[in-house]
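First, one chain by itself: the form predicted alone, in structure tokens.
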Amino acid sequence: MKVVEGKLLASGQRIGIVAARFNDFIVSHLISGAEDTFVRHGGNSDDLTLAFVPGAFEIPLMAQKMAESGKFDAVVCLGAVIRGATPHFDMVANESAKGIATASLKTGVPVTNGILTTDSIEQAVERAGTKAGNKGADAMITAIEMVNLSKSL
């Protein structure tokens, strides 16, 4: 049996990052985690392009535009949607996830989902670099691996 796996080497990769400005106190840590991970895996920070959008709902459109541009090997999506007292959370969380998946499938470019969807600010803080790791770093690891896997097929 032939097994194909993606390597975790970012050297030569060009990655777009789409990040929401909303909840920046959390998202800024996700961005730092993604950049640190890219560099630690052999990438050059000059090969990262960061685009800010107003919130998580706007991420899929910019992710798709970046993926369609031909300038990026992958796109990493970062944001934080924290549950409030209204059903707005569910709509934003669901539609941003659906849009990210659609952008990846439509373009054939790996588009990874690093949008936190949490019930509280405390849970978001835990996932942005403390107790539960950094989900921005995780989304970047996935992007690096998927780029290498795609190239090996």
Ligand code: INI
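When you see a residue number, it is the position in the sequence shown, counting from 1. Quantities reported herein were computed from a predicted structural model and do not represent experimental measurements.
Form predicted together with the named molecule: not shown, discussed below.
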Residue-level contact is defined here as any heavy atom of the residue lying within 4.5 Å of the named molecule in the predicted complex; does Thr86 satisfy this criterion? yes
How about Ala80 - does it come within 4.5 Å of the named molecule in the predicted complex, if we only consider non-hydrogen atoms? yes
Is Phe38 part of the interface with the named molecule in the predicted complex - any heavy atom within 4.5 Å? no
Considering non-hydrogen atoms and a 4.5 Å limit, does the named molecule approach Val92 in the predicted complex? yes
Quick one: of Ala56, Ala124, Ala63, Ala34, which gets a non-hydrogen atom within 4.5 angstroms of the named molecule in the predicted complex? Ala56
Which of 97 to 105, 47 to 55, 64 to 72, 124 to 132 has heavy atoms within 4.5 Å of the named molecule in the predicted complex? 47 to 55
With the named molecule taken in the predicted complex, which residues across 1 to 35 come within 4.5 angstroms through any non-hydrogen atom? Ala20, Phe22, Asn23
